[in-house]
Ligand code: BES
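Here you get one chain, nothing else, as structure tokens; it is the form predicted alone.
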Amino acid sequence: MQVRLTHDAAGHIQTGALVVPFFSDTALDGAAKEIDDKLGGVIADALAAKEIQGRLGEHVLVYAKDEPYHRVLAVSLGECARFEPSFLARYAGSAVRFLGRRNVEQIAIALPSQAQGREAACASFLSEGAITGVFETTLYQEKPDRRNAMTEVAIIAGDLNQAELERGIARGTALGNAVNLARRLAITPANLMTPTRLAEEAVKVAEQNGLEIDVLDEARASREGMGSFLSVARGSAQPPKFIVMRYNGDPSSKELLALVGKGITFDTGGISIKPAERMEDMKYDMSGGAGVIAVMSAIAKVKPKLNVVAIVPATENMPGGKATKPGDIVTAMNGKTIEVINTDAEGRLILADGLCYANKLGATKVVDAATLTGACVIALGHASSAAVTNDEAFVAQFLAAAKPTGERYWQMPYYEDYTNAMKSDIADLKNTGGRPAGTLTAAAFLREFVDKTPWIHLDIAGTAYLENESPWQAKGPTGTPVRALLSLVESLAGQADVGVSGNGARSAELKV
């Protein structure tokens, strides 16, 4: 889908539908008031009748058959005092989903007056939301129950800064497409999204965006000493792949950010097999890897002055005849031995070697992302991801970068007690510490493989996919943590992030 800028006035634009914003606690203004006055106050009448409560994403549709825009959709941005630019992603997504499902192919959308002075940020969020709003989960239906016909969204420029709007559209388009890529990879069934297929998708992203790519097969992984990663792959007939993508944004610098994503393309639990109920959702267990691959496509377009490497250990976790058994001891790339207590705690085993490899490549900062623990869902539900770190300054920068994106992260503590819980009687570590503090003992395990490198662990088990759709987003995969990772990269590069910080100076060109 294309997002573009239009200089046509709201009242004269030729389009399938005109979308205007309003706030639940203030009178109509801007484009909403202009159009409402032209239509005789029908929008104001509908709002006065309390047909909707005015929550973010709620809307009123009115028809204007004698006007060039045919219909008007007024969408709420919630309370004016609580407005944030990220709400515009939900505003645009709500409009695209509602109208696109009603066979509207083109819309024009107005920004609120609050966009003045932060046009780039607002246009970025609006573009991102419009593109992610098109995504549906009906990819494999011959005759989809839900089809979105939207092909074009035109943002009405009005008297806003055109150059900043264009810059925001470029970034938001790159980000929206990356989020949808992560969602597509995650929703693909495991018989199609094998480790080999995931590696092929990464190669395609690299070739299309000028990135370096290296895919280690089982033999090369074995020569690297990745016994922890390969122990998970033993039970599967599908060959494992260890994916490494690289963006060289600042060749003169030794700084290197490593993004490590869990790539379990299907998780049965292995010998410690999961219950059958909802096991089909375990195709989403590669969401961290999908996000890391996808964000590299956006990074390549945004072109931050920063070196970034993406690492995705990819395998299935199956209970085959050669599968790792509870009680087995495996050796990670850094020489640490691990007693496998529960083969369903496999994500940390593959991430261990991913983190070691990041250190081997010279990473100066590391972030890993994984659907790692059910305990995280118990602790935070589906409202937030967990963040655990060994470096308070680094996590503070991450949280500051992530907060305005609309993705939520909550820092959880690290205490030595959690590491003590992961000590084995016969090996250096065991791969599970029992039910208490399961998210934090898992993080403590991973911490043993980053050495002293500043590191953040993101547990996205509760946020990588959602059970129910919202007005602006289909159910299923969410694309977390693509938005936050891109924002972090921009922050580390010292560039004004048009998606968060507004209209700061910036030298890099965006390419879409």
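Because the structure is predicted, anything quoted here is derived from the model rather than measured. Heads up: residue numbers just count along the shown sequence, starting at 1.
Note that the form predicted in complex with this ligand isn't included here; everything after this is about it.
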Next on the checklist: So, a 4.5 angstroms cut-off on heavy atom distances: do all three of Asp368, Glu448 and His457 pass it with respect to this ligand in the predicted complex?
Outcome noted: no
Checklist entry - Looking at 68-76, 170-178, 207-215, 341-349, which one sits within 4.5 Å of this ligand in the predicted complex if you count heavy atoms only? => result 341-349
Checklist entry - Contact between Ala461 and this ligand in the predicted complex at 4.5 Å, heavy atoms? => result yes
Next on the checklist: Against this ligand in the predicted complex, would Ser86 count as a contact residue? Criterion: heavy atoms within 4.5 Å.
Outcome noted: no
Next on the checklist: I'd like to check something about Thr432: if you look in the predicted complex, is any of its heavy atoms closer than or equal to 4.5 Å to a heavy atom of this ligand?
Outcome noted: yes
Checklist entry - Using heavy atoms and a 4.5 Å limit, would one call Asn307 a contact residue for this ligand in the predicted complex? => result no
Checklist outcome for this item: In this chain shown alone, the residue from Met193, Met318, Val395, Met282 with a heavy atom within 4.5 Å of this ligand in the predicted complex is Met282
Checklist outcome for this item: Residue within 4.5 Å of this ligand in the predicted complex by heavy atom, from Leu372, Ala332, Met245, Ala386, is Leu372
Checklist entry - Which of the residues spanning 383-420 lie within 4.5 Å of this ligand in the predicted complex, based on heavy atoms? => result none
